[in-house]
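Below, in structure tokens: the form predicted alone, a single chain.
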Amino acid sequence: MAKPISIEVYNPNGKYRVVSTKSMPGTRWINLLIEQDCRVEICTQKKTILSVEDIIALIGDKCDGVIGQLTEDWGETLFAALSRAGGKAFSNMAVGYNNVDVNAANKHGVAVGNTPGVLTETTAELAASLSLAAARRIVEADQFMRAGLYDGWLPHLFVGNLLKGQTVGVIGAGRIGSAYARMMVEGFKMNLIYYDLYQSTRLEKFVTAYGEFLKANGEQPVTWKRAASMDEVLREADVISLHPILDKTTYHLINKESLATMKKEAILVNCSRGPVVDEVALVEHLKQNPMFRVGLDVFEDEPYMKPGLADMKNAVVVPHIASASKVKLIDT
């Protein structure tokens, strides 16, 4: 018999029962559901990732809808359980939905929602942060300082890469990829090369206009190029940020062969999906190329890293925090 799952209940007499598999920031989402006469049950179980069995226990015999997380496997088993309980809606708290079997949801008559657009700037900002941290070796220098090893300035101490005038490469120039590109081009006066199946006209116009602004002010203009292939980006860019969707065509997009294509002192950033990068191949590449650097927010087997990655000084690794930012609300 499954152990009971601990929950926190809001509006206990609500007409509709909605379950959230995680506590989420703020209270507005709770209040919106209460306004629609929902009983809101939030799982407070002290587990980072709930199992399928845990979620089935949460759903119970009667459940109208579930708010779930990208770490959960929403397939045939869970949608069947939700349908049996009378559920008609599942909301994935994520932009992506590679953890959701949409066909299974359709089969059981469950509508699926996600949150497109809300993570554009925050994810792009973290990708830019990782790019800068890797380029200027900030984490290495911080650890050096905290260890009490600093005994005076030296010309060769933690020499990093100056971004100005270098080329930033973007693979996947959708909302997030384009936002990241704009930050790097305007913030650091980098040239852009990007690869996407679709032309990013707005991004091209932005870089062109910024280049003209720099030229008019006596500075070297920035440039852009749409690459004919991903390999072209890998060969030419100094900093490469990955922003593709995850499907069978992008699984291990970055592997031993593609890593070998990149410059020896290149920087690779991934804030998209962990399995886009072959982590085993990446660890080996980092070992063999100490001037190659990487910034990762996502991992192939989250929450775990492949053996050896945590030991790499030329890797900046953070625990999937691209969405972890607060919006400052302005009264109007």
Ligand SMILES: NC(=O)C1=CN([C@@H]2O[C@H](COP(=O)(O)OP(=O)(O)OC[C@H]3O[C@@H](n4cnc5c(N)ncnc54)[C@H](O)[C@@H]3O)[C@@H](O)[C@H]2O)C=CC1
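Remember, predicted model here, so these are calculated numbers, not experimental data. Note that residue numbering follows the sequence shown and begins at 1.
What comes next is about the form predicted in complex with the ligand, which does not appear here.
*Asks:* Name the stretch: of 165-173, 105-113, 209-217, 75-83, exactly one has residues whose heavy atoms fall within 4.5 Å of the ligand in the predicted complex.
*Replies:* Flagged stretch: 165-173.
*Asks:* Counting only non-hydrogen atoms and a 4.5 Å threshold, tell me whether 95, 123 and 197 all contact the ligand in the predicted complex.
*Replies:* Every residue of the candidate spot has a heavy atom within 4.5 Å of the ligand in the predicted complex.
*Asks:* Is there a heavy atom of residue 135 no more than 4.5 Å from a heavy atom of the ligand in the predicted complex?
*Replies:* Residue-level check for residue 135: no, no contact with the ligand.
*Asks:* According to a 4.5 angstroms non-hydrogen atom cut-off, is residue 161 in contact with the ligand in the predicted complex?
*Replies:* So residue 161 does not count as contacting the ligand.
*Asks:* Report whether the minimum heavy atom distance between residue 119 and the ligand in the predicted complex is within 4.5 Å.
*Replies:* Result yes; residue 119 sits at the interface with the ligand in the predicted complex.
*Asks:* Do residue 229 and the ligand share at least one heavy atom pair within 4.5 Å in the predicted complex?
*Replies:* Residue 229: no contact with the ligand in the predicted complex.
*Asks:* Identify which of 258, 191, 250, 129 has a heavy atom within 4.5 Å of the ligand in the predicted complex; exactly one of them does.
*Replies:* Exactly one residue meets the criterion: 250.
*Asks:* Though the ligand is not shown, can you say which of 54, 297, 64, 278 has a heavy atom within 4.5 Å of it in the predicted complex?
*Replies:* Looking at the other structure, the residue within range turns out to be 297.
*Asks:* Mind listing which residues of 232-253 have a heavy atom within 4.5 Å of the ligand in the predicted complex?
*Replies:* In sequence order, 243, 244, 245, 249, 250 come within 4.5 Å of the partner.
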